[in-house]
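Single chain ahead, written as structure tokens, the form predicted alone.
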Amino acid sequence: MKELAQHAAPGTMVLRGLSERVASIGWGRLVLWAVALSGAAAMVYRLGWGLGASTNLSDDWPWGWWIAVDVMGGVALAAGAFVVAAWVHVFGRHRYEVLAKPAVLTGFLGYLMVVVGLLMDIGRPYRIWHPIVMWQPHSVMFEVAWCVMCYTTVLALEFSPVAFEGLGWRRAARRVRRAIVPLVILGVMFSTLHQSSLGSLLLIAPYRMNPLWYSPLLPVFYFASAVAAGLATVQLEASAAGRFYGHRVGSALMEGLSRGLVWVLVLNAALRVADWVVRGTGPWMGPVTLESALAAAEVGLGMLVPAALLAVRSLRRRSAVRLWAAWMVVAGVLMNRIDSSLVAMRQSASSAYWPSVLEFVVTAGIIAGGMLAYDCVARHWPLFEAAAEPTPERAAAEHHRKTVEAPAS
């Protein structure tokens, strides 16, 4: 038995060391790494074997899951960067500055994820640089490509002070901060152009799209819904930062953000319903179909219900209600992008489309990679320096430092 114990001891120590190592990394990060690596392997397969072997796209469905979710949905969810940055630096609402740096980081990473998704979707990804030198000024896609490139550059510059401070380059950080207002104005301009132009892309298909989604106001719808999605994403991001990084944002700020979201949601719902009424194409004007149910859910569950919840002050004060409302808004906008890009084309297509497993794996891998990048920045760079309310853990540590360590020193 003694000999057996001696042989088992090294194995036990290895297992114990492995368990401690896993605990230090965290199961959440390990899962994210597994999903991200699976996505990377799927991307290699798509680049090596092509769209035909890796997706269910066809001549009937040249745009699929990646365009609907990774590109159109991803751009909308990243809109919080320009909304919050403009609110803080252009309109002078500096008390919301605690939300600005995380929102800009989310926007920057979101646009990098959009670029990766676009690389996977275009037939020849090695030609993605062509719009830089081969101008097509009459093409909406050309305008979107340029705006996305320019806005991603602007976001990198807006976020660069955090990176410079992390590297100890304080002089460079101060220099960029002096130009923050012009940068934010440029960002608002580029965002307005390409958020609306994503809706303009669909104007070319009036006879393919279901009239519940096709409208001459598609550019307006896409821009207005992106503002709602951006504000809701900032709410979710602030909640996650408080839970995982101890960056608690004051409830007064979150309530203020929710009040603004109410007005944006009401505007979105009014535009959609008025458009349906004027064109006589509302989901209530015909038999119940998949399309009519989805269109009604977009407006009802994705706009009106969260707006009603956040409009009541007593409910708006509850963080759980704010979170539920934000999730409903994000789900509603994502549903709108999927519906207008895919479901709206269903009846006019001669074949059906359902994304392949690899398409889902690539999307999950891109999202996991973005979350890991955010986690890395949040842990190593001064992203949350201006926390409005310290967490209990931080408050206890600060109290301990003042009462025990300071007198001793």
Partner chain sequence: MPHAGAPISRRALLAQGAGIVVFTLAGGAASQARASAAPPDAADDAFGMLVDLTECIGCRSCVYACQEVNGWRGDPERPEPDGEQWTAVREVAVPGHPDEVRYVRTQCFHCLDPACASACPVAALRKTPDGPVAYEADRCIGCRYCMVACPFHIPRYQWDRALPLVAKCAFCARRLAAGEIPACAEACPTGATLFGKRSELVAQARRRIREHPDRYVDRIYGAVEAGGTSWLYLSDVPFEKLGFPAVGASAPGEFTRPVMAKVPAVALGVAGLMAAVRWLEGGREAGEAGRPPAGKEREP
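Model, not experiment: these values are computed from the prediction. Numbering follows the first chain given and starts at 1.
There is another form of the same protein, the form predicted in complex with the partner chain; it is not shown, and what comes next is about it.
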Only one of Gly166, Gly286, Gly250, Gly123 gets a heavy atom within 4.5 Å of the partner chain in the predicted complex. Which one? Gly123
Which of these residues, Arg279, Arg95, Arg127, Arg318, gets a heavy atom within 4.5 Å of the partner chain in the predicted complex? Arg127
Answer among 198-206, 306-314, 240-248, 271-279 for heavy atoms within 4.5 Å of the partner chain in the predicted complex: the stretch 198-206
is_contact(His89, the partner chain) in the predicted complex, heavy atom dist at most 4.5 Å: yes
Under a 4.5 Å heavy atom criterion, is Phe221 part of the interface with the partner chain in the predicted complex? no
Quick check on Arg174: any heavy atom within 4.5 Å of the partner chain in the predicted complex? yes
So, Ser356 and the partner chain: in the predicted complex, are they within 4.5 Å at any heavy atom pair? no
Tell me whether Ala34, Leu183 and Gly260, taken together, all sit within 4.5 Å of the partner chain in the predicted complex, counting heavy atoms only. no
Could you list which residues of 328-353 come within 4.5 Å of the partner chain in the predicted complex, counting heavy atoms only? Met345, Ser348
